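One chain follows as structure tokens, the form predicted on its own.
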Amino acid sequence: MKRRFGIRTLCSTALAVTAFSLSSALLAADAVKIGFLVKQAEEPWFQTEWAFAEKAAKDKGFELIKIAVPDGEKTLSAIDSLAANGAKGFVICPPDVSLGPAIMAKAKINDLKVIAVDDRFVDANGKFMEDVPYLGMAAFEVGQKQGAAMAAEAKKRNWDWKDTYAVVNTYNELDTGKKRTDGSVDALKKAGMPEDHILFAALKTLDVPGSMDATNSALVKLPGAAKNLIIGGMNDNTVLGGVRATEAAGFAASNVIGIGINGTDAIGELKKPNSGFFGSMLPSPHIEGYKTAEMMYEWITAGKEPPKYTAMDDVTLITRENFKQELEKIGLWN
């Protein structure tokens, strides 16, 4: 009897272990996998997005697959790879927004859900693909905060609008860029800057040399009474180039206020003890990484489709006084 009881017990235990193993295997097989594709994986911005997407994965219990997609070929290959690995959807900041139709076609073939982050897809006609869920910066509102910050600093320095002028480097071919500079100008006007004291300079390229050239073309139009300058643009580089142009034209750093947008491209300049580049509006890559990953998880597991547009206008003005501390908070300081 004891021998039979022992055999039955061993059999029961074996069956239980087998059942547990099968159950574990099934759970592992059913684990939700989500891709997170970024165009410049080496950039601190995207490293931070990935880090906080991984936090969302840990909090929610899914697997995050991170892939760098620096060009169109690698982007489309990555989508196939995600499908082969059992992913159900992906978040992406594409290397080129015009890849939108190809990305969506490839995702449809592989039955993958898509959320765009940071850069919004455009179609063959250059129009936003508004049917694709997108989370990104609220361009006009962030531009308004940029303009308001420049006006506030001018007031703090007791600048008189009579001898203060603004040079705004524009790139109206890019809708996001136009909205940012439109918002900035709107805030400057509301702060009391005369409309005829705002000069616009069209950018040919979005880098520092391009914005230097654009600003130089505007500086020659300034009246002799121009004493103080505000430099605006859609990002850090378009403002940095403008500041460089003022230096070459003989303006002292104390007579220039340049505030960019993005923060990560301004770190080197903010390390300098003195510059006309006063600061930058730092967005929230940590929030964007976590939120998009969370939205994709809820879409896959609960059928909760994300909004077509989630606007992010949470920005922090970083200056020489606080940039290190603010960047450390979100993992962008190294």
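So that there is no doubt, residue numbering starts at 1 and follows the sequence shown. What you are looking at is a predicted structure, and each value in this text was computed from that prediction instead of being measured.
What comes next is about the form predicted together with alpha-D-fucopyranose, which is not displayed.
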Is there a heavy atom of residue 43 no more than 4.5 Å from a heavy atom of alpha-D-fucopyranose in the predicted complex? yes
Against alpha-D-fucopyranose in the predicted complex, would residue 228 count as a contact residue? Criterion: heavy atoms within 4.5 Å. no
Look up in the predicted complex whether residue 99 has a non-hydrogen atom within 4.5 angstroms of alpha-D-fucopyranose, and give yes or no. no
Is residue 110 a contact residue for alpha-D-fucopyranose in the predicted complex, using a 4.5 Å heavy atom cut-off? no
Could you tell me which one of 141, 182, 153, 119 places a heavy atom within 4.5 Å of alpha-D-fucopyranose in the predicted complex? 119
Looking at 257, 234, 92, 167, which has any heavy atom no more than 4.5 Å from alpha-D-fucopyranose in the predicted complex? 234
Spot the stretch among 291-299, 272-280, 45-53, 59-67 with residues whose non-hydrogen atoms come within 4.5 Å of alpha-D-fucopyranose in the predicted complex. 45-53
Heavy atoms within 4.5 Å of alpha-D-fucopyranose in the predicted complex is the criterion; list the residues of 204-227 that meet it. 206
Quick one: residue 205 and residue 41 C-alpha atoms, closer or farther in the predicted complex compared with this form (3 angstroms or more)? closer
Looking in the predicted complex, decide if the C-alpha atoms of residue 234 and residue 39 are closer or farther than in the form shown; they differ by 3 Å or more. closer
